[in-house]
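Next comes just one chain, in structure tokens: the form predicted on its own.
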Amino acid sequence: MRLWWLRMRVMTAKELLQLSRDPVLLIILAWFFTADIYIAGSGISMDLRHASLAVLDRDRSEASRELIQRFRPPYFEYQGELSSGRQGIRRLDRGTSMLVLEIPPHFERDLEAGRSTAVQLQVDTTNTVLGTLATGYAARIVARYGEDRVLDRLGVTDQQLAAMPRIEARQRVWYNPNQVDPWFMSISELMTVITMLSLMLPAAAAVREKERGTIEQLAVSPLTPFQILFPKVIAMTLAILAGTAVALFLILFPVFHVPLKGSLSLFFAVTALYVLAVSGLGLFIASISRNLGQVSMLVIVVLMPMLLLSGAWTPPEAMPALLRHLMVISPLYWFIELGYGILLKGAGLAVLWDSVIGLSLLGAAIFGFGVMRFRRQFG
């Protein structure tokens, strides 16, 4: 047993030494755990900002100008008036304007006379998310403008309005009260990076042995296939955990002020379990690859279904029933449940035990399959 542990320790040290002598992999690790996460957290926003708005004002009245002024920054960016409807269509077609607001003639006269009137809003929804947000924001602005005009026509003062019975919707936002996008985006990118490197690094370490011709030397050594493979996984797991610590303490906590509401040690334990699980897929990729180029292509093939079935991009409730059932075979689905639960919700094992068991069972199956598939090359 002592000899077994000695061989494991020596092989793990050998893998860490090889990693430290590979400047390309070190640069990749440094980039993904720092700059990539920073760009994702600071450069991607789900809020509406500076949506370009052009206006065709056919009334040119005080009422129309008041409505236009309500489309204010930072949500909208006013680009000026149009001379014709065709000009607005051309702007939408070319992408120079995202919204075109058309106010009909006699807009103010109809309002003063108490008659109903309508404005037209054309929205470029090439980007569905931003188009939907812009439509919702604009609808609320126009609706509030109409309410204000009605109250003003009825002569209702602010004091009278406050004394009227009404229903108030009071929202309580949990875990991210200010709805700060960088909290979600930075954690999501960190989990994606961990997933990609958990696939890439063990596969690259194993394929390097093939490229250098040392796999045959290891095969005739007194080492067992497990003693050859598992140190590679351990070494890359330690490297990924070190990168995770760098990302947390240099980017997420000090830059984006992501709160740590749960146990940091539990998060690292879950991350180590997840890396071990995904590394089984990395060993499978290495078993059918001959060089690093093939490894890179196969990592993309495996990574994309994991991301799409994880719930990171689309909530599980919004996915078709078949895909919701398939999500349980994606290790990233369980990791996202655990990661957000620990970091943002402060949940512990008493709450997350089912996700831990799910990840453990799935990880054991994946890792066992990867080791079994790779060790055939030593037969």
Partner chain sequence: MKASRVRAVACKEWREILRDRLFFTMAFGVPLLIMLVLGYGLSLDVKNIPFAVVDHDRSASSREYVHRFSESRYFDLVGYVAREKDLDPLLADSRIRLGLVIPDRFGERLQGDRPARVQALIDGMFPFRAQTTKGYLEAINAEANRELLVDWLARSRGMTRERAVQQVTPVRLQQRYLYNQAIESDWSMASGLMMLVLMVSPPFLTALGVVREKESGSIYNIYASTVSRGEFILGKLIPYVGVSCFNILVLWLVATQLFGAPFKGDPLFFFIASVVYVICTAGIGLLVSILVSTQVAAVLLTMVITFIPAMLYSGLLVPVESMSPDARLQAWLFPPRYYLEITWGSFLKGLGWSDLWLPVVVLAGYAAVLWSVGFLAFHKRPRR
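Positions refer to the first chain, counted from 1. None of the values given here were measured: they were computed from a predicted structure.
FYI, the form predicted together with its partner chain isn't displayed, but the following is about it.
- In summary, among the residues 107, 78, 268, 230, the only one with a non-hydrogen atom within 4.5 Å of its partner chain in the model of the complex is 107.
- Screening 68, 347, 326, 56 for any heavy atom within 4.5 Å of its partner chain in the model of the complex leaves a single hit, 347.
- Annotated contact segment (heavy atom within 4.5 Å of its partner chain in the model of the complex): 296-304, selected among 253-261, 271-279, 233-241, 296-304.
- In the model of the complex, its partner chain sits within 4.5 Å of a heavy atom belonging to residue 142.
- In the model of the complex, its partner chain lies within 4.5 Å of some heavy atom of residue 93.
- Within this chain, residue 354 lines the site of its partner chain in the model of the complex, having a heavy atom no more than 4.5 Å away.
- Its partner chain is not shown here, but in the model of the complex it comes within 4.5 Å of a heavy atom of residue 125.
- Residues of 106-137 placing a heavy atom within 4.5 Å of its partner chain in the model of the complex, in sequence order: 107, 111, 114, 115, 116, 117, 118, 119, 120, 121, 122, 123, 124, 125, 126, 127, 128, 129, 130, 132, 133, 135, 137.
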